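A single chain, nothing else alongside it, follows as structure tokens in the form predicted on its own.
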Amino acid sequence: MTLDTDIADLLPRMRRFARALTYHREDADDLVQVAVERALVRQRQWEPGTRLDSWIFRIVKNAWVDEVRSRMRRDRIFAPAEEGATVGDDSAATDQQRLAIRKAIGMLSEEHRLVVALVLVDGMPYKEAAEVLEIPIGTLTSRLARAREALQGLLSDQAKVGK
């Protein structure tokens, strides 16, 4: 297999990660495209024998950080949650639950949303997620614990409002 096909194999995971980061389908597609372009242009920087997925996810994360900074300059940070598209199960209850979770994730801080996206959404091991985010694993576990706590609180609050 070539690096190109290995990157192509990672597209579903990249897209899922990008969706969790951007909270918007079109932005996620754009982010994946930017990340793939960067990866292909910089493929000489990837060291064979190292984890390609970690390298790619770091590119996606850095591309998103660049995009957010650019948007902050334009005073347009995030698209409304209502514009997010649903995928798969079309039951109303599932859609409402999915929207509540997306909304709660969107309300997290940037650092908490990143760890949630990598560990809880993508299922990446802690060590790999720490490498992607370029933080110690202890910092990752602390952020994840705080993010879970915040998510539980947000979802609980949403459930109370919904009743």
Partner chain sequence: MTFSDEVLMAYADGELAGPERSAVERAMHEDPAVAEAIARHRQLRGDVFAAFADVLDEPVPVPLRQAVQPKVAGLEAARVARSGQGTRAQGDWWRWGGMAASLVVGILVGIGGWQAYRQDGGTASLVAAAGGVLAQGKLADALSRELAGSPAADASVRIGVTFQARDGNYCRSFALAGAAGLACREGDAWRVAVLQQQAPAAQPAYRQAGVAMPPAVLEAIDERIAGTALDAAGERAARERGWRR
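Fair warning: this is a prediction, and the values are worked out from it, not measured in the lab. Residue numbers count along the first chain shown, from 1.
From this point on, the text means the form predicted in complex with its partner chain, which you will not see here.
Should the three residues H112, V132 and D157 be counted as contacting its partner chain in the predicted bound form, with contact defined as a heavy atom within 4.5 Å for each? Looking in the predicted bound form, the three residues H112, V132 and D157 all stay beyond 4.5 Å of its partner chain (heavy atoms).
Do L52 and its partner chain come within 4.5 Å of each other in the predicted bound form, heavy atoms counted? It does not: once its partner chain is placed as it appears in the predicted bound form, L52 has no heavy atom within 4.5 Å of it.
Taking 4.5 angstroms as the cut-off for heavy atoms, does D29 touch its partner chain in the predicted bound form? So D29 counts as contacting its partner chain.
Classify M107 as contacting or not contacting its partner chain in the predicted bound form by the rule of any non-hydrogen atom within 4.5 angstroms, answering yes or no. M107: no, not in contact with its partner chain in the predicted bound form.
In the predicted bound form, Q33 touching its partner chain (heavy atom, 4.5 Å): Yes, Q33 is a contact residue.
Given a 4.5 Å distance limit between heavy atoms, list every residue of 121-137 close to its partner chain in the predicted bound form, or none if there are none. Residues within 4.5 Å: V121, G123, P125, Y126.
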